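First, one chain by itself: the form predicted on its own, in structure tokens.
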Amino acid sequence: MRKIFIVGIGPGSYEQMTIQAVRTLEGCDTIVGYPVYVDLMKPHFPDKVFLSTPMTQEVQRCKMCFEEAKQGKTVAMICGGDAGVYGMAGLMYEVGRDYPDIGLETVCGVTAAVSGAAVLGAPLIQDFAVISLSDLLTPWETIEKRILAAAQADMVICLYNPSSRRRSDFLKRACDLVLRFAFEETVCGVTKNIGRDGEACCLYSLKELREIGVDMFTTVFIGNSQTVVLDGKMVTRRGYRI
């Protein structure tokens, strides 16, 4: 059976890709993905054919993969981070029902929660929730319920897609929800351009976080009651006695 690989390329730098992801892409004829991710991969795999579609054309992108595979090509669909975390893996399996003669294999990658946590220190040592603030596919009412549930449970919260031109106040709204259960001084962290040029991070209190500007290349971490700053790093205590 012919097979398409769904590959998570990590935060963006070649060095932070998994060995399996690199070897998979080396063995492919065609690499398909969102233009940002395609541009990141082109310098490292110059002999491959690259295809892309813009945002909101994800279904067409998936069909493009299957049509290439039908022609006998070895194809990879690439996604930033991990393909199974806000990536294309789920949609590829849905579209794949129309192509029963083509199999799928997911190749995991390093998602922003993990790579961003490494930049900040160790914020995810306890239970944590990953929540996207994008309401493109999920209603804000559902996102709000998830934020409130995680905050009430005193979980560290990692926020993906925290802002856009249309959603400029969503991070502030999320912080206000968390503040129903957390202190204003709760330690928070922000990472930007993880693994790429311009990588940066900064620590804030929850009160300060609600006032800052972020973009789609930013990942936000809201600590819990056990999160502290140690030597300039965001660290959530596990509970060991030392």
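Since we're looking at a predicted model, the values are computed, not measured. Each residue number is its position in the shown sequence, starting from 1.
Keep in mind that the form predicted together with S-adenosyl-L-homocysteine (SAH) is missing from the display, and what follows is about it.
The candidate spot formed by Gly81, Arg196 and Thr218 lies fully in contact with S-adenosyl-L-homocysteine (SAH) in the predicted bound form, as each residue has a heavy atom within 4.5 Å of it. Within this chain, Thr106 is remote from the site of S-adenosyl-L-homocysteine (SAH) in the predicted bound form, having no heavy atom within 4.5 Å. Within 4.5 Å of some heavy atom of S-adenosyl-L-homocysteine (SAH) in the predicted bound form lies at least one heavy atom of Thr191. Among residues of the shown chain, Val75 is not one whose heavy atoms approach S-adenosyl-L-homocysteine (SAH) to within 4.5 Å in the predicted bound form. Interface membership of Phe128, defined by any non-hydrogen atom within 4.5 Å of S-adenosyl-L-homocysteine (SAH) in the predicted bound form, is ruled out.
Here the chain stands alone, but in the predicted bound form its contact with S-adenosyl-L-homocysteine (SAH), taken as any heavy atom within 4.5 Å, falls in 160 to 168 among 90 to 98, 136 to 144, 120 to 128, 160 to 168. Shown here without S-adenosyl-L-homocysteine (SAH), the chain has Thr111, Ala112 in 109 to 136 lying with a heavy atom within 4.5 Å of that partner in the predicted bound form.
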